[in-house]
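Take a look at this single chain, the form predicted on its own, given in structure tokens.
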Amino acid sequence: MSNLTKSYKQDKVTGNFDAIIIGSGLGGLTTAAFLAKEGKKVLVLEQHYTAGGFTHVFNRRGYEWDVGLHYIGEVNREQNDLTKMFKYVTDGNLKWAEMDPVYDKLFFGNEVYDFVAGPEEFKVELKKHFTASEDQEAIDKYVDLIYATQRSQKLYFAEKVLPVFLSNLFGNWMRKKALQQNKTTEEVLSGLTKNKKLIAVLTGQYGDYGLAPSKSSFMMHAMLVKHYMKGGNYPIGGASQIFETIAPVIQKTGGEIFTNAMVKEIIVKNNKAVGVRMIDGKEILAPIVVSNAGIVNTYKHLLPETERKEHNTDDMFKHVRPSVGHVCLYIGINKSNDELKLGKANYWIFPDNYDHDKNLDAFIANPDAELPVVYISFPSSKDPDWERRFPGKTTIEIISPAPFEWYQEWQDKRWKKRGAEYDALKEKFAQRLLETLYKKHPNLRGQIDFYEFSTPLSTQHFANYQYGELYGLDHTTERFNQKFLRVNTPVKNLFLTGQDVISCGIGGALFSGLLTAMAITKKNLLSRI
């Protein structure tokens, strides 16, 4: 990756750029790539020591783990917009491997439910568990509603590109149809079925957006479920291939990507963004500034106080809140996937009472309560290139929700030097997650060669999210009602991109990059792909 990035600590930023992008997450990278395809020279500034945002990987003791990309849907469908966009921004160099037909396995106590690729296959498998005629009818209606809701959102997201005067004229009409389904997931599904078990199974992927059914918007739920309805995929060569195939596209027109490059403030003159001021005081000027740092960081920390007051940006956050924090256990085993016989399917493990809301509430109130959801991913099994790169080794990742407040007292201490009490708290949680793994794979007990445990403080430290939030803003019904979550900002030539513009996830970030580039160039870039 050394030839793809420069370190701001060691290299100077020189020359002129057509645009500056703050943050190298997928939204920022795809914005830069789309602009580069239009001949623009773009500077990407990343505060972390590695680029890629939640698509980056890290290495320890001869193992490699992804930190955010565990699987992605729809990228092996030739006529799909997501497939075409990835091909466009990577010059066709990013390749994907399909997971097995069963891509998610849901465990409720001793009951196991397989999510199978393909809408018809999904329904057939689920109906094996729910045989009553009213349940089978509800399953059919559910899948139809998922697709209809997703189709209704196209104009809703297109509105986010409109200038203010056009949004005032047409925005409400463009948003109206999608917002008809902006009810809680529980409310919508309760209108289809009264079977609590069925609702719990249908919402079993809620961890992918971090909100229980009574709190999440069905708009988000439908996006997520439709995204995976035809199965899961994984980048061949690992998650880092996303950055490594997009970066050369940015560089083709003279663009550069700097790591260790902390932006202190966006420079604004006469309500127009003209560049950025770095943490060392250096000013870098450009006619366009794009923030991929999250809308809270942008409006509360990067925008100068004068503009914050002029545009009342603090008032924007009265109806949105940060999403959930999480812990992750990264595991390395010095044996091959074949030896351990681990599949590609992700595990979702729940208590056996089929009540996501109750379990989450109990856990947040008492960290010693039963874990409300545990997600297990086997990245080394998903990547067909893994054995070539890491022969005889296997990696596993285990994720669970965890409020930032549990770890907040240590936030001012240095990474990896937060003290014995913090380390003991981490170790206690790590052992709980290991025991969850051993219940599903007893053969792994005694096989662990290495593990490392991360908390929301890790997300805060590396991603610069104030509360270690995994998914930016919470995907509540209130969030989807907010018109300020858009590409354009009240400051001229300052644009937003990333998961707060569209939604969390790889697909949301990718589409945000497209929309931001369209707003900047004032071109229909969909025609390019």
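Not measured: the values here are computed from a predicted model. Numbers for residues come from their place in the sequence shown, where the first is 1.
Absent from the display: the form predicted in complex with a small molecule. The rest refers to it.
Using a 4.5 angstroms limit between non-hydrogen atoms, Asn464 touches the small molecule in the predicted bound form. The small molecule is not shown here, but in the predicted bound form it comes within 4.5 Å of a heavy atom of Asn297. At least one heavy atom of Gln499 is located within 4.5 Å of the small molecule in the predicted bound form. Contact check for Leu302: a non-hydrogen atom falls within 4.5 Å of the small molecule in the predicted bound form. When the small molecule is considered in the predicted bound form, only one residue from Ile257, Ile331, Ile349, Ile399 comes within 4.5 Å through any heavy atom, namely Ile399. Exactly one listed residue, out of Ala261, Val289, Ile246, Leu202, brings a non-hydrogen atom to within 4.5 Å of the small molecule in the predicted bound form: Ala261.
With the partner omitted here, the stretch from 485-493, 57-65, 500-508, 35-43 that lies within 4.5 Å of the small molecule by heavy atoms in the predicted bound form is 500-508.
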